[in-house]
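Two separate entries follow, structure 1 and structure 2, each one form of the same protein chain as structure tokens.
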Structure 1
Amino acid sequence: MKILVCIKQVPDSEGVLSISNSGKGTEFEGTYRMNHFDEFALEEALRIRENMPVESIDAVSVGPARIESTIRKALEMGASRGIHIITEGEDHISPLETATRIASFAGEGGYDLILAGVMAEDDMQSQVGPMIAEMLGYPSASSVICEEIDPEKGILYAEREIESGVRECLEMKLPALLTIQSGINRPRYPALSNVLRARAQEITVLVAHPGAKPEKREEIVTFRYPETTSKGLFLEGDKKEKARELIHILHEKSII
């Protein structure tokens, strides 16, 4: 069995994100890291390998040169190989472009199972995984919280979260694609042996061929900050004065 895990590099929440001068992009000051939802997907692939023979677990990511650090993090966690589909510059890459590039690579890789996080923390669009499945003609399930594989029959059983805590149970034939929900497992800390291996291991860098870049279907028109809501009011004085003032305000607003 060959498994492909799709990972994405996202800005760390402790950094400073601002709108660029053009108003059509963003600027980020801080560090980048692996998307947390993708960590659950990678951990699930590693657990599958612990329970059955797996030829390789490949981690693939699309983006500029800086995402190499995130691919190496996947190698440190235990991935067999890292694949970097490189892009130029820091321009926004739409989910369709990302999915098309990954599907173009995966279609030639002979993968039995493709895993991805349920969404990316930066745009929260949840589109790349299902798009890859559609392009490859694979059965798929999103928001998967439990999975089991029968390698002899080539059958995958999956449970996915839907509204009100209800689970939908599915069976599908391999090859298939799953987007993994958080909570399905607990991502491991990298072992020292994997960290040392990842430092020396070469990452496969690919340039997407022209056929893997679809016609542009969306364009960012503008970014803007949320409108300022009404500000809070701080009451001054002792407890009795604050209480009288509060009652007065609530009377004025016909609340009491």
Structure 2
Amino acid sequence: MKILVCIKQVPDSEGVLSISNSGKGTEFEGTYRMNHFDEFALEEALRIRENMPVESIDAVSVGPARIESTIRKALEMGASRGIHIITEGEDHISPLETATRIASFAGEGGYDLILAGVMAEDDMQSQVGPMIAEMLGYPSASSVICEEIDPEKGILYAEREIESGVRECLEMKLPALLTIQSGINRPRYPALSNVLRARAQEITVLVAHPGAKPEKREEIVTFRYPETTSKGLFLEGDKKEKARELIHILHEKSII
């Protein structure tokens, strides 16, 4: 069994995100980290390996040089190999392009199972996983919250979370692709031994071929801040003053 996990580096929400002066892109000041949903996907792969023979768990990511730290984090968590499909600059990469890059790599790899996150926290598109599956002709299921593999039969049993607490159950033939929903497991903290191993480990770098870039199908016309339709009142003062004001408001409204 060979598993591929797609991981994306995203800006941490504690940093400061702003629209660049040109209005054609965003700028970010702060730290980057692994997309939370991908941590769940990687953890799921590690748990599969604890239950059955798995030849390798490869972690792949598409993006500029800075994403190396996130690929290393995947090695620290326990991935066998890191693959960096390197792109130039900070330009927005479309889901189609990301999927094309990953699919052309994965197509050669003979993976039995590909895992991705259900959504990237920055772009929130939920497109890349199913697109890869379509390009490779794999069956897929998104928002998976529970899975079990029968390696002998080559069958995967999955439950996907649909709206309001209901799950859809399916059976799929391997090779298959799942996008993982948060809560399927509890991602581990890297063990020190893995951190040390990962530090010395080589990451496979593949240069994204400019010629293999799919034609642009969507164009971002503008990036803008949401219109502040907020009717909200920002309470002023120090903690104490804000606390008193809130109590006053709740009292006036007969809540306390």
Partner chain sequence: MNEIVKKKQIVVIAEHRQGNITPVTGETLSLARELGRILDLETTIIIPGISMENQASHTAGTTGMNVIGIKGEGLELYNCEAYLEALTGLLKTADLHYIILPHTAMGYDLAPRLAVRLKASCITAVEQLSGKGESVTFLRSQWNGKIILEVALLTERKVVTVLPGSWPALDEKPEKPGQVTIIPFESFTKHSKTTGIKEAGRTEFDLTKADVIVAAGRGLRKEENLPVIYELSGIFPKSAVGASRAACDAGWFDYGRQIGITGKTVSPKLYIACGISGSTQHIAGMKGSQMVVAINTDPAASIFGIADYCIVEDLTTFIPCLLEEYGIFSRRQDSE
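Here, residue number means position along structure 1's sequence, counting from 1. Since the model is a prediction, treat every value here as computed from it, not as a measurement. What we label the rigid core is the largest C-alpha set whose atoms superpose within 1.5 Å from one form to the other.
One of the two isolated chains is the form predicted together with the partner chain, namely structure 2. Core-superposed comparison between structure 1 and structure 2: CA of residue 23 displaced by less than 2 Å.
Core-superposed comparison between structure 1 and structure 2: CA of residue 245 displaced by 2 Å or more. After superposition on the rigid core, the Cα of residue 14 moves by less than 2 Å between structure 1 and structure 2.
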